[in-house]
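Let's start with one chain on its own, the form predicted alone, as structure tokens.
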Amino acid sequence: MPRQKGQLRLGAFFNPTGHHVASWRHPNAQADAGINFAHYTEIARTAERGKFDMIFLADNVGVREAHMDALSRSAQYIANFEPFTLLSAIAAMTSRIGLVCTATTSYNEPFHVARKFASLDHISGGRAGWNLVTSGQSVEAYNFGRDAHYGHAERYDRAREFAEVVVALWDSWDDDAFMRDKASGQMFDPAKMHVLNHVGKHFKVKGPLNIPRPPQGHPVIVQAGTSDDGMDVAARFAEVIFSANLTIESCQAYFQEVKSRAAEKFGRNPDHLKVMPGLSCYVGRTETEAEEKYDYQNSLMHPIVAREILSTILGGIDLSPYDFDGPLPENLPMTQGSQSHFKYVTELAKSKNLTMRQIAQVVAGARGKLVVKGTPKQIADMMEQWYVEEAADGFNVMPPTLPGGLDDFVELVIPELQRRGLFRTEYTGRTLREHLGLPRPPNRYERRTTEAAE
């Protein structure tokens, strides 16, 4: 039975110039967006004006590997701000919108990540979120003293322990540990400090964290796992999942599976896990206008870049020996990249009998996420259907170009969603947890004390 209409959750996913691989070539694009703070301030304020739940920034820790002819024609994930530093600055330029960015569990230490996100939560007044990733590019390993990237299973085994330690470190202090009493000379109550003393397979961390408990208790944890290992991490730790499903049927199946795992395997309330598929929109006041925007943006994509983006989506497989106007080669090897993207592309090619060039045009708009084009009503119809039929709790909106694609969504789609009662007209809370309808977690040591007393 379809669920009743409720409030959609919306993230604004910022790739510097937009998510289309040729977005930087658009006449209205900010070509140096990756290092232009004024640009980020503008789009952050636009998203906040649209009452989005959060801003989301992806990241990698290395210049991605690609054929130089393609790499030199690209702007994405090559030269851009470190996202944590950027969000700390954006925190001072905004007041309500949530601030989420990526930190990899493969090339960080838990103490660093716990401290940074606790700091951002304090700086922003409770608006921080951590996008937990394991890194998918082998090139990142070479910047951290390794000759090879971690294998898929090892990455997720490490990620599980990493997340356990981070969450535990956020509970290093009771909420009221720091009284800062000048008269008595007492800064904090020693009984309200908790030493972790974690010793595990991958990490040894004493603690405590050297910053008070975050305003949200724990910054919101975001994840995008779609492999079996990834879904387990998401079901156990994530409060928001950015899924990559491209049909309502596949997203319904994912929605049910990950929420069932959260409840049955980890004892979590499934309503405390928000599934938000990626969604890139070409919005027009008419269908013709939307089609024209889509066709024009695709016309800016260089063929060499098209081949490279397809190669990247497939996990770095070299496609140069093959005819780009021919079919995708059969029996391609699975790489250490995203298994969900690999499966989507190969199944799409087979089911629709597409050439590699045609597949590249499909995935160029949002790197393998869902791309739609249409009027505000048509896009709102689709979003409402996915919500009511339990395929999504909301969407991670991925503007194909910036600032134009975000401006279109805020000016045209948001009012239509508001008119239907599907989205807020004003913020009612101040923290990211409040925006998302998520509870503030109690300190684990407080829970243990209560349970012992009972």
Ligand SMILES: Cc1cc2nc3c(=O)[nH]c(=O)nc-3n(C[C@H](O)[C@H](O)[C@H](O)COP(=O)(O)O)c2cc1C
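The shown structure was predicted, so the numbers you read here are calculated from the model rather than taken from an experiment. From 1 onward, residues are counted along the sequence shown.
The same protein has a further form, the form predicted together with the named molecule, not shown here; the description that follows concerns it.
For the chain shown alone, V133 is a contact residue for the named molecule in the model of the complex, at least one non-hydrogen atom being within 4.5 angstroms. Among residues of the shown chain, D59 is one whose heavy atoms approach the named molecule to within 4.5 Å in the model of the complex. Interface membership of R73, defined by any non-hydrogen atom within 4.5 Å of the named molecule in the model of the complex, is ruled out. By the criterion of a heavy atom within 4.5 Å, R115 is excluded from the residues contacting the named molecule in the model of the complex. Among P110, P376, G230, G126, the residue placing a heavy atom within 4.5 Å of the named molecule in the model of the complex is G230. Just one of L120, A224, L370, A306 comes within 4.5 Å of the named molecule in the model of the complex, counting any heavy atom, and that one is A224. Site residues K5, S280 and Y282 are none of them in contact with the named molecule in the model of the complex, judged by any heavy atom within 4.5 Å. With the partner left out here, the named molecule still marks one of 154-162, 282-290, 259-267, 201-209 in the model of the complex; by a 4.5 Å heavy atom cut-off that stretch is 154-162.
Residues in 157-179 all lack a heavy atom within 4.5 Å of the named molecule in the model of the complex.
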